[in-house]
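What follows is one chain in structure tokens, specifically the form predicted on its own.
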């Protein structure tokens, strides 16, 4: 890790309407994330974890406040630019895997590279699947993979465009303890190689494997 700030969040608020009620899913959060950090975001259901991750990942806009990625204020740029930032700077891993069932592991990993017009995507996809220990499963479709294997395909897919930040939302929620530990070991190795990793999880034991733990309650950071 170095001292370069890769993500800067200032006074971020996200308000949702529930009938006449206003729900502050994120309530005045300020946070700096340095390049090369490995941190987890924990807290009870409804504490704002996924909302915060979506704001960091340019999937959702804050109601108030600013978010900067690599020094650029992403709350003021147009959607076309946000799409490019999401594609090139951020990798996403989700609890549900979101693999396309008709594609092989190799084809699923390549897909974001295809949209980015990455001419080296086939070779990179093979290398990434080897990195996550699936070099013998590259031609298998999701129906013939275990849950842990599908999540490893999803991790490889998230890396195809060489992002500077990896965001993972409950990535072990559908996995047994053995596979969950394996996924966190992969995150740890990626982080040791310089990737900034941010994980939302309910699993406090796994969260302790991260270098830093952020606790959210009622949309506010209770520690930093």
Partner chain sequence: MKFYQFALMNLMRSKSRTMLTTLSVAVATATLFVVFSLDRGYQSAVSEELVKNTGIHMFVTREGCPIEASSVIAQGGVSPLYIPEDFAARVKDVPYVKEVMPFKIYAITTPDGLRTDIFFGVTDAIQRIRPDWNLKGAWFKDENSVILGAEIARIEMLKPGDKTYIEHFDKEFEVTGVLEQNFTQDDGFFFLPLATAQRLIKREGKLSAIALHLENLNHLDDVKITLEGLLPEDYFAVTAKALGEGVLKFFGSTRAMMFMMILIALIVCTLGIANTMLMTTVERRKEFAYLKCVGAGFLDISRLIFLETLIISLIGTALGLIISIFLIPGFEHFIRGALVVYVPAAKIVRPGVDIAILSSAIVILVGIFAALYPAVKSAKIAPMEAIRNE
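All values derive from a computational prediction rather than experimental measurement. Residue numbers count along the first chain shown, from 1.
Missing here is the form predicted in complex with its partner chain; even so, the following discussion is about that form.
- Residues placing heavy atoms within 4.5 Å of its partner chain in the predicted bound form fall in a single listed stretch, namely 87-95, out of 87-95, 126-134, 142-150, 67-75.
- Within 4.5 Å of any heavy atom of its partner chain in the predicted bound form lies no heavy atom of residue 32.
- In the predicted bound form, residue 138 stays away from its partner chain, with no heavy atom inside 4.5 Å.
- Taking the partner from the other structure, its partner chain in the predicted bound form has no heavy atom within 4.5 Å of any heavy atom of residue 37.
- In the predicted bound form, residue 196 stays away from its partner chain, with no heavy atom inside 4.5 Å.
- Interface residue among 181, 188, 27, 60 relative to its partner chain in the predicted bound form, by the heavy atom within 4.5 Å criterion: 60.
- Residues from 96-113 that approach its partner chain in the predicted bound form with a non-hydrogen atom closer than or equal to 4.5 Å are 96, 98, 100, 101, 102, 103, 107, 110, 111, 112, in the order they occur in the chain.
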